[in-house]
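Starting off, we have a lone chain in the form predicted alone, written out as structure tokens.
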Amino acid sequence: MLLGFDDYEMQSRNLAGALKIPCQIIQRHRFPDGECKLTLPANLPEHVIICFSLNQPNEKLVELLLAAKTARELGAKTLTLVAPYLCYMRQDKAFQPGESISQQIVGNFLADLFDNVITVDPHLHRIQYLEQAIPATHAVSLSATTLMAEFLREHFKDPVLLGPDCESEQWVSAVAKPNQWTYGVCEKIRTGDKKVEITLPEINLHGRSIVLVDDIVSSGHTLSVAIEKCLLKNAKHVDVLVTHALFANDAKEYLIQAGVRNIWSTDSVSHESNVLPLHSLFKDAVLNLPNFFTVG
């Protein structure tokens, strides 16, 4: 059985449909003091999948704790978490004395609750494999880049793909490779929480269709500066394609003011920019788990 939450219901039902298993939505009740009560189906099979994207994570992590512990009490022997967006992966070291290393803390928290954790395009810096952050029995990191390449091939003949900073190179190069499109990566210098300087790569952008490719759009500041720089180089138009559409505060407005034409994203985080569903990607990952079985 797959269990979902109402703020990620459509994606949960799509995944359950692809797996041909039942889907139930966990019921939430919010008390006046802010605490919540969850109600799960009383009868659970031995393998339960919880589908929950962990944007705006602080409250969701508590709900995940309640859901996983309750599922075990109700008979689940194997618990799998499908978390399309995986939170707290950026802080992987202490940069100042006393800083918490949230990647390790949250990673161990999830590994204690779940046998399997599946995500897509996690924001990993100094580690190569997801299991280094989440020591679960199986920690599976997928990529949406193939879906992105297929999507762009339907809309463009010969775009230029740009990554807004060096960290984006792994995504932009993977999206460009199947069609042998020109790509490059910008140089970014952060001068404050909301201020960045961008240097474009040495590529002629005059009259070209530009697609900025990244894993996450959060504040929108880096992408908006990159959009402005591309348009100053007489690009024909600039579109944005990302895996995780977090769009904190006024991020979308920043991109619009900068001159973006289209904003596209996967449905890892529910947003009006969603154009790429991920359920087929997750279906294959679940079916390939060594400890996965279906209940007749």
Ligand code: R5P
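Fair warning: this is a prediction, and the values are worked out from it, not measured in the lab. Residue numbers run from 1 along the displayed sequence.
Beyond what is shown, the protein has a form predicted together with ribose-5-phosphate (R5P); the following relates to that form.
**Q** Please determine whether His138 contacts ribose-5-phosphate (R5P) in the predicted bound form, using a 4.5 Å cut-off between heavy atoms.
**A** So His138 does not count as contacting ribose-5-phosphate (R5P).
**Q** Against ribose-5-phosphate (R5P) in the predicted bound form, would Arg208 count as a contact residue? Criterion: heavy atoms within 4.5 Å.
**A** No, no contact at 4.5 Å.
**Q** Is Leu86 near ribose-5-phosphate (R5P)? Define near as a heavy atom within 4.5 Å, in the predicted bound form.
**A** So Leu86 does not count as contacting ribose-5-phosphate (R5P).
**Q** Does Gly220 reach ribose-5-phosphate (R5P) in the predicted bound form, with heavy atoms at most 4.5 Å apart?
**A** Judged by the heavy-atom cut-off of 4.5 Å, Gly220 is in contact with ribose-5-phosphate (R5P) in the predicted bound form.
**Q** In the predicted bound form, which of the listed residues (Glu197, Glu167, Glu150, Asp112) lies with a heavy atom within 4.5 Å of ribose-5-phosphate (R5P)?
**A** Exactly one residue meets the criterion: Glu167.
**Q** Just to confirm the contact call: exactly one of 103-111, 140-148, 173-181, 159-167 touches ribose-5-phosphate (R5P) in the predicted bound form at a 4.5 Å heavy atom cutoff, so which is it?
**A** Within 4.5 Å of the partner lies stretch 159-167.
**Q** Select from 109-124 the residues with a non-hydrogen atom within 4.5 Å of ribose-5-phosphate (R5P) in the predicted bound form and write them out in sequence order.
**A** If the 4.5 Å heavy-atom criterion is applied to ribose-5-phosphate (R5P) in the predicted bound form, 109-124 yields only His123.
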